[in-house]
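A lone chain, given as structure tokens: the form predicted on its own.
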Amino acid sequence: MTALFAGLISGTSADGIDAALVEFDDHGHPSLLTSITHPYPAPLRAHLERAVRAQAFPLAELAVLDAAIADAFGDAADALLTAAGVEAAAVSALGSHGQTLGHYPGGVHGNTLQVGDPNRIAARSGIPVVADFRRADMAVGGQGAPLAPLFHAMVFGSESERRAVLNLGGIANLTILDPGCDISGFDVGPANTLLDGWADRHGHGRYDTGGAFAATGTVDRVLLEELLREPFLAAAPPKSTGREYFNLGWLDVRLGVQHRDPADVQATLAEYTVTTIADALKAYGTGVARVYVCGGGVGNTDLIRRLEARLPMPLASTTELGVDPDFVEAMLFAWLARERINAHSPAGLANVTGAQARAVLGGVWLPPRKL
């Protein structure tokens, strides 16, 4: 018997909410039925940007943001069901990743914070909501991220070919799929987050469309070598990171006071992303036959061109495997919602996040009963 689940996520770029309606067959195989990107209202996005960039953020504003993000996620769920022509009652559950404000996996009290109150999403959508996926993994010693490799293994794995899946989101993460072996996956380093921020700072919009800004510049090899000294790159998996680490403040420290042409910096950031990915594949992807790419960076033609020129194996979109590259992560959270509703602990998590035990991820929030 098939079942419908929805998945919602706003990633590191924080420009809107990706929503996916997914049908699962009796064997748990997913099919994407409908997908949309629901933009954040401009005032909410500005509020969110202030929160992400602030070293300290007032508690009262954080509480307001938690509610406002939840309402936007509820609106996205409504828009998704309208686009699909599906009633809320037909959807078993909605998996909400929320909006990450901070991810700090190190130390005794490693933690992560996603906002978007699931109570409000459940009340607004009328659908049971599964949320707070990362902290159960962190409670048993894991980093809580990346979670995408679990879904990649189920959807993109092959019984005969060693593959890699590269997610070009704000942060690049890599999954190695080896037939008959455990899943391997980890965050590589920045992908879109620095490119977006630098483009925005220099008047090229919230992101570098098609990589056009980067394509006009020349790679600064001295700066590139400085960026490549970042200790996170040399750390062995499991590892995860985010915009709270790789941001324009991090970049400014490495730029120093020397003037550099903005287009050259953008080109260097693109080359930085490509180099870190190539190095990660060299270290952990021996024998990979093909790299399948998903995430927002798929649309950055300059970045893809650089990857194709640098990697020793062919590059392809996940479209070739039947999955829209822009909605892989939204589908992930629909799948995680299904796993939680069925009380399953996703296999392979310990190898990806470093968790010391298998955990059922997420909590369940039911819509309120009308009096």
Ligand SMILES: Nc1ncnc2c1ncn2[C@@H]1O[C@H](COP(=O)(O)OP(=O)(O)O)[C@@H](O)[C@H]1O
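Keep in mind that this is a model prediction, so the values were computed, not measured. One rule holds for the numbers: they count along the sequence shown, beginning at 1.
Only in words, not in the display: the form predicted in complex with this ligand, which the text now covers.
Using a 4.5 Å cutoff between non-hydrogen atoms, G169 counts as a contact of this ligand in the model of the complex. In the model of the complex, this ligand sits beyond 4.5 Å of every heavy atom of E23. Using a 4.5 Å cutoff between non-hydrogen atoms, Q143 does not count as a contact of this ligand in the model of the complex.
At a distance threshold of 4.5 angstroms between non-hydrogen atoms, G210 is in contact with this ligand in the model of the complex. Comparing 200-208, 245-253, 157-165, 281-289 against this ligand in the model of the complex, the single stretch with non-hydrogen atoms within 4.5 angstroms of it is 200-208. Here is the short version: of S240, T175, T268, N300, the single residue with a heavy atom within 4.5 Å of this ligand in the model of the complex is N300. Though this ligand is absent from this view, in the model of the complex it lies within 4.5 Å of a heavy atom of just one residue from G116, P190, G95, G295, which is G295. Shown without its partner, the chain has G11, T12, S13, A14, D15, D18 in segment 1-31 as residues with a non-hydrogen atom within 4.5 angstroms of this ligand in the model of the complex.
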